[in-house]
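The chain below stands alone and is given in structure tokens; this is the form predicted alone.
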Amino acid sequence: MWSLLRPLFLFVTLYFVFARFLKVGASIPHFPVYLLLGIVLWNYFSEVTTGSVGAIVGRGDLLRKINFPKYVIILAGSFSALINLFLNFIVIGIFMAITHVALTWSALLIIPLLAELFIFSLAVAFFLSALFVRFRDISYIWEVIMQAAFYATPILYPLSRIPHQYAKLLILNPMAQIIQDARYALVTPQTQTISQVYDGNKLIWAIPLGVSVVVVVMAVTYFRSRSKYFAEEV
């Protein structure tokens, strides 16, 4: 129940502050759903990565007693967050029906976008969990990074409100690209996607995808190299 209520409470607060009082999304059709979708996707990324930081250390007693694949610990947390994400998408579907958001064939794009979100979040989770075993300050550093990234990602505001030269930088962030593409697919085609920001260049989508691939390779390599020492270091 709280996995549903928490993002809804956050959505209600941010909606009244940014949409009602500051009139941030006045030009965006179906802005409440637009905002809710961004919050839900970001919360998934936050839940997976923040929850993974102390996951290995928190299972220290188990690691010292039983020899098993260490990646299972991170996968378990990721799939738990994935279940919460699907529950939240039910709420989004209800909001879409209430506000009469029209679904088109482009809504099917949400499937590869969720796959991209899952893989990118999981890769960051692997890297953070392994890093925390040796450097315990990572939890505080990551908390600060997440606070800054939340406001640097176009979740609360349309990307169109950002000066063009800065929007070009923000949209290269894989999370910004995923959220904007998901809004385009599900909510409104007036959402600025990465190709629109770069004047119709569809190949530019390869940059955030390439960033995700690099993160995956680095995370898997580092986790595998450190996992054999987890039982000794935790």
Partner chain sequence: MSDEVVIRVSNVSKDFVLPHEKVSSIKSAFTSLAKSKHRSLSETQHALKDINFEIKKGEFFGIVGRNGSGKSTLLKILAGIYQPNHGSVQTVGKLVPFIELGVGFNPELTGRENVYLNGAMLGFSQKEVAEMYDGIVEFAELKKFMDQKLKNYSSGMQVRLAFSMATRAKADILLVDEVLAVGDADFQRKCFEYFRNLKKNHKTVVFVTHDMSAVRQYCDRGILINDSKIMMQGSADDIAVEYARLFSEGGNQESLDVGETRWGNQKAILGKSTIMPKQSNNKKDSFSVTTAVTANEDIENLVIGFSIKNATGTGIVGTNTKLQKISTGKWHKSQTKVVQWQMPNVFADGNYSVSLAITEQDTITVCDWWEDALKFVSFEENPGPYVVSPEVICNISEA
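The model shown is predicted, which means the values in this text are computed figures rather than measured ones. Positions refer to the first chain, counted from 1.
The protein also exists as the form predicted together with the partner chain; that form is not presented, and the subsequent description refers to it.
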Answer key, the partner chain contact in the predicted bound form at 4.5 Å (heavy atoms) among S27, N201, Q165, N67: the residue is N67
Assert contact_stretch over 40-48, 58-66, 183-191, 204-212 against the partner chain in the predicted bound form, heavy atom within 4.5 Å, equals 58-66
Any non-hydrogen atom of F135 within 4.5 angstroms of the partner chain in the predicted bound form:
yes
Partner proximity in the predicted bound form: I119 to the partner chain, non-hydrogen atom cutoff 4.5 Å:
no
Distance check, A152 to the partner chain in the predicted bound form, heavy atom within 4.5 Å:
no
Under a 4.5 Å heavy atom criterion, is L4 part of the interface with the partner chain in the predicted bound form?
no
